[in-house]
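Consider the single chain below, provided in structure tokens and representing the form predicted alone.
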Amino acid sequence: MLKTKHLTKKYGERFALVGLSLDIEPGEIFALLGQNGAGKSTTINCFLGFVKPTSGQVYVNGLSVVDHALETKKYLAYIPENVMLYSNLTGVENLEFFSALAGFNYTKKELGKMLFKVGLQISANDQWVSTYSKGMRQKVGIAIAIAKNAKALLLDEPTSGLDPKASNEFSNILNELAKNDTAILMATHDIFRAKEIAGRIGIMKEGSLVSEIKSSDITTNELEKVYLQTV
């Protein structure tokens, strides 16, 4: 569902990505670990078509992002560190607006069910998003992905700033999406959540994937040691 082949991005004399090759299947959660500037966000932006590769290929559902920029976006949903919603609209109104942009027309009841599915309190559906916590905004973001019927979810530092309860709820939602064959790529600094959620973990340094590990083959402490030795 998400694939790169020898993906390279260069800004002047600086390499942001160097020969990156990834292959993420439907139903798989893949976590990218790395320090700031390691290339995690650039990778996500290449999938979104916001950044054009210097060389190499990037694919979504078998389609080249460079050659089919608009079509590949139909398969994707993106949740940045801070989910951008309209503060003067309610949760339901935001969900209705963004799903309509994607070409879907849902009833209020259907929209409410989607928000309930991602764990948003029913009482919050009709509250202004300006009153929402970060965790609540992320839940609306995931509901938008569900409404779009997104086949792949791209996450950039999704658990940053979340309290443990909200972070755990977020993890559970991602696992449910993966069970429904959504491919998930998560860029994060959170070693614990990467180990808990992802089936595979990649560690990036200076634009390169320097280590790839199956979560089942390593403990959290061992992963932390590998990460610190790598970066």
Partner chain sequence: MYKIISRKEYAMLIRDRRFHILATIVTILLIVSMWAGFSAYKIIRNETDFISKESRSHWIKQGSKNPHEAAHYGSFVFRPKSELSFLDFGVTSYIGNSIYLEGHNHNEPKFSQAQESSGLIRFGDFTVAFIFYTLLPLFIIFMCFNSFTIEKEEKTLKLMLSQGIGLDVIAWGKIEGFSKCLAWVFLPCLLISFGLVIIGTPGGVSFNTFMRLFLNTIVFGGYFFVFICLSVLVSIWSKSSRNALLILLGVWVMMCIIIPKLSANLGGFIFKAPKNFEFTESIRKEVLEGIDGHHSADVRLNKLKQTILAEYNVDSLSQLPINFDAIVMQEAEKHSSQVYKKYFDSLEKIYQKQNYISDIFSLIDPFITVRNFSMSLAGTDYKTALEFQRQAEQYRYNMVEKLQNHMRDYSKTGDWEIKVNENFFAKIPEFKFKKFSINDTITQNWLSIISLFVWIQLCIRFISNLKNFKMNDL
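Positions refer to the first chain, counted from 1. In this text, all values refer to a predicted model and were calculated from it rather than measured experimentally. Rigid core: the largest C-alpha set superposing within 1.5 Å between the two forms.
Although it is not shown, the form predicted together with its partner chain is what the next lines describe.
Contact with its partner chain in the model of the complex, defined as a heavy atom within 4.5 Å, is made by all three of K73, L101 and I144. Remark: N88 counts among the residues lining its partner chain in the model of the complex, judged by a heavy atom distance of 4.5 Å or less. Within 4.5 Å of any heavy atom of its partner chain in the model of the complex lies no heavy atom of F192. In the model of the complex, P80 approaches its partner chain with a heavy atom inside 4.5 Å. Residue contact check for W128: one or more of its heavy atoms lie within 4.5 Å of its partner chain in the model of the complex.
This chain is displayed without its partner chain, yet in the model of the complex the stretch 42 to 50 from 202 to 210, 42 to 50, 174 to 182, 28 to 36 comes within 4.5 Å of it by heavy atoms. Residues of 145 to 161 that come within 4.5 Å of its partner chain in the model of the complex, judged by any heavy atom, reduce to K148 alone. In the core-superposed comparison between this form and the one not shown, K74 has its Cα shifted by less than 2 Å.
After superposition on the rigid core, the Cα of R137 moves by 2 Å or more between this form and the one not shown.
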